[in-house]
Structures are given as C-alpha cells and as structure tokens.
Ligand SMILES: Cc1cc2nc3c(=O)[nH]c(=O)nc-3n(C[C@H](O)[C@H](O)[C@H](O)COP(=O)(O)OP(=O)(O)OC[C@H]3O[C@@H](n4cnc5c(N)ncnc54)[C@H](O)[C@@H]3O)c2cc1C
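Quick setup: one chain, the form predicted on its own, written in structure tokens, and binding and motion questions come after.
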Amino acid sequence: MADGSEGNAAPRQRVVIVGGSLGGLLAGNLLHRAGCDVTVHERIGTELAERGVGIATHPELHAAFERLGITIDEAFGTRLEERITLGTDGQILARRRLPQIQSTWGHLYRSLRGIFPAERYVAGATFTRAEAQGDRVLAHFADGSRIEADLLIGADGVRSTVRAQLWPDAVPEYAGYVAWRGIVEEERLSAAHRDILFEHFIVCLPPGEHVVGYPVAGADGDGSPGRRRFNIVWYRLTTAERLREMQTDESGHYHEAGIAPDLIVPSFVDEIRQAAENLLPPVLAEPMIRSRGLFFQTIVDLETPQMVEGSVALLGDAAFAARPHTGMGVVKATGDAVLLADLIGAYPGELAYALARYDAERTRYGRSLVRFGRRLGTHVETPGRSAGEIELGDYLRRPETVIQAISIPPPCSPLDVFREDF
C-alpha cells in the first residue's frame, strides 16, 4: 500500500474537501502529498477558534502527524505518566500508570494548517449540495461557485451538510447528557492544587456523573511549569427539555445545531460553577469555577448506513460520532484520512475500487466505535438504562476500573469486557 509520498495517486485527481477542521486538514495534507489536486473549503470565514478543548492523543495519531513531518516532541503536548481516580472528598481512590500525551485542538489545528498550502484552503465557503456528473461530482457553494471533481469528501462534522443530502435519516441521537468544558491558566490556580492537577490524568465520579481533567500546554504552546493550562470536562445529566433551554439565547432564539459559547445565557454558567462548588472536590471545583469561557457540548451518537455514495465520501464525525469517553474522535478521523489517502495512492485510475474498500473497512470500524462509546457511556446514570447497562455502568464506576476504561483505544483496553467490541 502507498505511503502517501508525492506522486502516488492517479495524475492530478481533483478532490474537494468540505470542512476545514482537523479531519479535513488531515485528509487534505495526505492527499496533497499523494499527488492530488486538493482544496479544503471551510464554512467559517475567519481562523477557527480553539475554544479550549483538550485532546488525549494515541499512537495512531502520532504516526499520521510524523508521516506529515510534524515531530512528536515536548512541544506537541503534555506528557503524563499516571492516572488517578479522586473521591468527591478529594482522596485518591485508585491510581494506574499509563503514559499518554495530552494535546489541544488548537495545537493540532495550527500544526496541520501550517503545512497545508494557504492558497488551497478556502475560508468562508458554505457548501450547499453535491450533484452527480457521471463518475465525477459537482460541488455547489452558497456564493454560486461550482467545482467539478473526481471526489468530494464530507469532513464537516456531526452536523454535516454533505451527509444530510445523501443520508437525511442519519441524524445525531441525544444521549441524555452534556459535557461542560473549561480550561484555565496554571497561574490562576491555587499553589496547593497545582501538584496534583499538573501531574495526573484525573477522573472523579460525582453521583451519576463523570468528571475528567488533565494539563495541556499554554495557548502559545508553552508546556513549561507556570505556563500550562488545566482542561476539565464535566459530563452532566440534562433532560431534553432542559437542553433546549440551554441552547436558547437571551433573545429567545433556539440554536438547534448547538449554541456558541458567547451566546449561552450567563445564569447557566453561574449554575454549573455553583454545582462544582457543591459537588466536586475543591481541587477540581477550582478549575471549573475559574475557567473563562465555559461552554457545553451535547453528547450524541451518530451512525450512517455507509460512508461512500458515488463520488462522495464521508470522513470523521460526519459519518460516525462516538461519545468522547472513547477519546477517539480525532483518532478515528485520522484513521479515515490515512486509509483513504493510502487506497487512492495504491490504486491509481481505480477510484471506485479504492472508495469501495474504504467504505467497507471504515464503516465497520465506525459502527464498532459508536457501540464502544455507548457501552462506556453506561457509567453516566441516564434514565432508561437496561439491567445489563446498569450492571456494566456499575462496573465502570469502580475507581480502579474507570481509569482503565476511558480514553484508551479499544484494542489496547485492559478490560476483557470490551474485547468483543472490535
């Protein structure tokens, strides 16, 4: 199979990628290096904002970045050696050695954006529809422009416009809880808390819910002591009715696809900070209270029946979205991008065959990952869980078990209960 080096693809195959976040940029860089004539089209007209999202990285992601010439060194992220489970009283209930690098969405994005040709990244380009043109495809955009291509890749996330056209019945299913996310500079945290916060991957299980936190580099990429930040995520039970209220801004407008952080009604942010003070150990309450720009992510499951239709392929969360407990969102997009580029490079002039193989392999993997995420999510005590899900959830809520379950690639899981998932 091809290694993604320059010139392996059929002569200048034209590829249009819709979505300029991590998945789109990964595919864009790999296909550009494979010799394709590729452009990436992003709906947002300005540089994408980080929003303070931490990402637990894995070897598959490291290999893809190194293949693109991005070094996995101290600047890539914060290296941690140990995970711990904290009780709500702040006591360490369990610990496990598990080396891992924690990075940020912003660092990964800047790394990929920096090596992609600037003239091939089109910001402010809103995709509207795809039109079949024999064995090619015509991509239409809101400004009236059209691009004929050999391949259109939908890498436009869980609310994908590309997917909505081809598989309108494949929609995100709300899981019954949200993830409140925050990030805070090290210098804003109490000295008494810094040692435990900046040396561990931390898990805490308040009643029925789940908190995870870990250190990441500063906004400028500086990972030295005093310059780092702490990333915290709190998975909170939230009814569908309450979620609708939270996605409604002060003017009364409901943001069905998700509300921007600066539009969240301040009383909801005040409420989560008060809940942190009441329910979390002080060492985790403080970063939640002191984080600026708190926002929430709606937790959903998403599956599509397939990833390819004609000359259109889906990639990353546009096709399958697994719950964040897996820590595999960016890694799955990476695997999609790598395999797609490899197959296109390995079978020049046989794009249909390459896409068929991509569809079969990554659709199977995506379904398995969504199932894995649902099973991991049983430890959040949502209403309506079956007896089997309650039993699995109780097992996953054990202090020594939870740190072996979350954010670990399924093939590497030390828990036998997940071996059947892949």
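Sequential numbering from 1, following the sequence displayed. Note that this is a predicted model, so its numbers are computed, not measured.
The form predicted together with the ligand is left out here; the points below concern that form.
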query: In the predicted complex, the one of Arg374, His62, Arg33, Arg43 near the ligand [non-hydrogen atom within 4.5 angstroms]; finding: Arg43
query: Contacting member of Pro287, Pro215, Gly329, Gly345, with respect to the ligand in the predicted complex [4.5 Å, heavy atom]; finding: Gly329
query: Segment that reaches the ligand in the predicted complex - one of 227-235, 246-254, 143-151, 112-120, heavy atoms within 4.5 Å; finding: 227-235
query: Distance check, Arg181 to the ligand in the predicted complex, heavy atom within 4.5 Å; finding: yes
query: Non-hydrogen atom contact Leu279 with the ligand in the predicted complex at 4.5 angstroms; finding: no
query: The ligand contact at Ile55 in the predicted complex, heavy atom, 4.5 Å; finding: yes
query: The ligand contact at Leu315 in the predicted complex, heavy atom, 4.5 Å; finding: yes
query: Residues of 116-133 having any heavy atom within 4.5 Å of the ligand in the predicted complex, listed in sequence order; finding: Ala125, Thr126, Phe127
